[in-house]
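Just the one chain here, the form predicted alone, laid out as structure tokens.
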């Protein structure tokens, strides 16, 4: 939304400078009549909510320097790819984009940069693999974006920000938020868990928690600005350790943020099973603003594979956490992540994962084929499961989960839920809303319902979403400076 931006345009008398690629002098951004024009940028984001929020931080820093966001890369002077390297396919997409850039913009004065996990993992090797790149910046350096861009504007042709030696969280002075009613808020960065397959400790560094007073102050400001839903983020969000004198635990922080007047919904992701406690469940069941949805990645249902993955818990310990959630006074939905075909995974191991799905009956899963990542412990192991077999197992897993979700969703027919309307589909004339339990529901609606809370009754369901009808006029619309 335009009013969610902090826009600082260059003065008419200023000439904006950007470097070209491969040794050319800096480019003056002027119109054919010699008048300076605004510098423009475009960011394409790959990966999870953490990366989405990181892009908002980078955008805010660029807007504060006088850059203007555009929706098409063709219109941008500065093109940035915010990358994910959790899986091989995600990393490949980035270099595919870079290849297309070189083909489409050969000899052009556009500047291209790589951000995020691939930037941190590959470092200056990106310049060798993609010479058209001028800027490489890992997420731990986003707070230094302004000075790094100054170096670009001064004429440096290859600028990097790759240090992980920081005690700071990756905060920027200005955040350009793209969603008008939901705000992401990072409370912890990095990870100390050292799972065998994961690059996060190498690309984002060790765990660093923000002080609770800073988190609460930002949450209050967001609510004052009209955001009605906040999502707390962290690679292992429930590993939060308050660095302020208050020394709030994660459940205590949830209760403090959730009690802020005017906040309608509070979510958090992603939790690690080893740090998931009954106190978190007690917090969720005690405060209505805390959404009744827990994302608790399991990765595999076999103890043997969990040990090889270095996941720090057993199947039995994980199921104890699930039992605690299911035993809460308030019903909660549960989602998870699953990897199939990890090094040495046998058919018996895979059967253990299928039986775990049957036992837990997740409301949603995110499932992937294992792909070795450079620099990880598992990357040194034999990738012993053939790609074709990984694909077969993934298909079986997803079909099993599809049947579970279909059955559970169909059982909701006739139930009524409060939904936050997130989008409108003009072709179908449908509003798209989300329940507190993170279920998507489609129902006949209007374009101006986006951002409102409405009661919707479920009339039918598929495996991935519900279909409903509105049962009463929309509740109050979000108060926003965009109106």
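Numbering follows the first chain given and starts at 1. None of these values were measured; they are calculated from a predicted model.
One more form of this protein, predicted together with a small molecule, exists but is not displayed; see below.
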Margin query: Give me the residue from 197, 78, 350, 184 that has a heavy atom within 4.5 Å of the small molecule in the predicted complex.
Written below: 197
Next item on the list: Scan 402, 256, 330, 87 and let me know which has any heavy atom within 4.5 Å of the small molecule in the predicted complex.
Entry: 87
Next item on the list: Indicate whether residue 370 is a 4.5 Å heavy atom neighbour of the small molecule in the predicted complex.
Entry: yes
Notebook entry, point to check: Looking in the predicted complex, any heavy atom of residue 343 within 4.5 Å of the small molecule?
Noted result: no
Margin query: Under a 4.5 Å heavy atom criterion, is residue 133 part of the interface with the small molecule in the predicted complex?
Written below: no
Check: Heavy atom to heavy atom, is residue 299 within 4.5 Å of the small molecule in the predicted complex?
Finding: yes
Notebook entry, point to check: Pick from 257-265, 331-339, 393-401, 317-325: which stretch has non-hydrogen atoms within 4.5 Å of the small molecule in the predicted complex?
Noted result: 331-339
